[in-house]
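Below you will find one chain, with nothing else, as structure tokens; this is the form predicted alone, and questions on how it binds or moves follow later.
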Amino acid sequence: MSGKEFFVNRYRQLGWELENAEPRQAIRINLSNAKDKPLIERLRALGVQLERVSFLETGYWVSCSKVSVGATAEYLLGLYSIQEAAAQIPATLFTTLKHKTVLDACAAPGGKTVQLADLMENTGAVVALDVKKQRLTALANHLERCHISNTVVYNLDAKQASRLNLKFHRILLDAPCSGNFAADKAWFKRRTLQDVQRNAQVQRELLAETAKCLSDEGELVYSTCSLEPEENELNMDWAVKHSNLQIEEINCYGQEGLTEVFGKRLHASVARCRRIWPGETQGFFVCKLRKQVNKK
């Protein structure tokens, strides 16, 4: 079960017709470093034309550029990060971050880690994990470039996060996933339904483990760049029913999560999630959860 026709038919059953997607390059201003500097004007002087992303506070589309936005002095000084627009959403969904203890469960290459630290204004502490040791160099370089001082990095599989023996106020689980065709032109040739199902199982293991590390009043944000419901709505339905988690309301860009998938009716609260079909951004899915409150 693979191939473009197979997946396109699935998307049609989910209510979306395949259309060409051309995700636009985007940057995110690191306010901790750039708040007193005329960054937009400095980039404009270099020939970088920016357009505000309507659904982000510090995100900008790169409309056109005479230089590589990854090679400017401003970039090397950590005044901004190159970060896909939809990928900037998850870190913004926590109610508060300053002075909190935060787990970034699958952190490399570090874009969201830097964003978390920036939103925290380098207060509190971020514990950033990644299972692949070779990816930690890029993560460490990103943190150093952006002058992040509140983050520690561990080479640890988040499926073993409870070994840290810590409870976190906030957890970001940007789970490893199947990706989508907008970010990978060869996606339809490479992916199978078996890949999706295998990734969904790994994600459930990550959800179950990170939920153990969440404080009683904590918040867990789950996200993927997959379009497949097995990795998104079906996982959230499973989390509500099996991991003592409840889905919270969020106010962000995207459509409501699907509550009926291939004839299966899901928990009504899954509608609180947000699904982003590819267009100006890549495809994306995001949801915020808390521990279920036992009513007496």
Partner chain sequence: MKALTSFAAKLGAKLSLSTGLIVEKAGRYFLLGKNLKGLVKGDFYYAGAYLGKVKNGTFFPSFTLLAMLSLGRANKIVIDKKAAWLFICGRDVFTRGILSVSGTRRKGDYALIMSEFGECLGFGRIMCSLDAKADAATVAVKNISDVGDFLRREL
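Numbering follows the first chain given and starts at 1. Given the structure is predicted, the values throughout are model-derived calculations rather than measurements.
If you look for the form predicted together with the partner chain, you will not find it shown, but the lines that follow are about it.
For the options 119, 131, 202, 140, the one in contact with the partner chain in the model of the complex, meaning a heavy atom within 4.5 Å, is 140.
Among 183, 136, 208, 193, the residue placing a heavy atom within 4.5 Å of the partner chain in the model of the complex is 136. The closest heavy atom approach of residue 70 to the partner chain in the model of the complex falls within 4.5 Å. Proximity of residue 160 to the partner chain in the model of the complex: non-hydrogen atoms within 4.5 Å are absent; the residue sits far from the partner. In the model of the complex, the partner chain sits within 4.5 Å of a heavy atom of residue 154. Using a 4.5 angstroms threshold between heavy atoms, residue 144 counts as touching the partner chain in the model of the complex. Only one of 193 to 201, 174 to 182, 71 to 79, 216 to 224 places residue heavy atoms within 4.5 angstroms of the partner chain in the model of the complex, namely 71 to 79.
The three marked residues, 123, 127 and 150, each reach the partner chain in the model of the complex, with a heavy atom inside 4.5 Å. Relative to this form, residue 149 and residue 37 separate from one another in the model of the complex, with their C-alpha atoms ending up at least 3 Å farther apart.
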